[in-house]
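Only one chain is given next, in structure tokens, and it is the form predicted alone.
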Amino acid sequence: MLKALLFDVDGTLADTERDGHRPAFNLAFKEFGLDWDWDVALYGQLLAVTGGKERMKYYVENFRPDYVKPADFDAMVAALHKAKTAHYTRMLGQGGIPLRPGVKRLLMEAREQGLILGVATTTTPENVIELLRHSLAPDGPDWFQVIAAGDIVPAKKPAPDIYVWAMQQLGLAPDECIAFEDSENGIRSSLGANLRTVVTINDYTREHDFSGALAVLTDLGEPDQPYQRLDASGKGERGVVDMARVQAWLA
């Protein structure tokens, strides 16, 4: 029996990566006097690594062999990430980043039916809360019974730990939940936690491997903007993802 819907955030609830996190990183770099600049194409490569602090370290190791690390490099990265989060939340407060098609509609329907909502993400709790508050509803964070985010577990996606932790907090088993993801690292994480998973792709992830997904979609769809299904088992299917559709897929 389905009891809970667990959502990734960046790229799944909203297209935050390209036009939110990326420019926020660049503002932090500028603030710290660094000549680092992540354009759209480069950021697509960096998204292979989950976690902002991990992403910066990966960038230095793989793209900036000329950069001489200071003795307190780890502390600097942590400070950079804190500054980046501040820039990102300020951007949200100035107008928000819109939720993806169908997200608010599905969340509202699930709540009306008494289902539990949860978040499982590698982004920081502050980022999640501000996105939900500004892009969903002023009480958006309260819609979710668990917000598993950031460094709450040591191993980030594609490790399954964040989903396992979320389910532990809810006291639920994998067969009582369904996950919503947007990336290969995300679905590796959810499948590793034995969760059935619906994928909504975005510009950065459309070429990823989503083997094992329950369904792969362009988005969750709206009545005037239906999703298109992309996986072989349902290719060409169009519609909106509502709870009836989810239950039919699970059956």
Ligand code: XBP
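Quick caveat: nothing in here was measured; it's all calculated off a predicted structure. Residues carry their position along the shown sequence, with the first being 1.
The discussion below concerns the form predicted in complex with this ligand, not included here.
Looking at 97-105, 123-131, 110-118, 69-77, the stretch with residues near this ligand in the predicted bound form, meaning non-hydrogen atoms within 4.5 angstroms, turns out to be 123-131. Contact check for residue 227: no non-hydrogen atom falls within 4.5 Å of this ligand in the predicted bound form. Although the partner is absent here, residue 43 lies within 4.5 Å of this ligand in the predicted bound form, judged by heavy atoms. The closest non-hydrogen atom of residue 87 lies beyond 4.5 Å of this ligand in the predicted bound form. In the predicted bound form, this ligand sits within 4.5 Å of a heavy atom belonging to residue 55. Contacts of stretch 129-167 with this ligand in the predicted bound form, defined by any heavy atom lying within 4.5 Å, are made by 157 alone.
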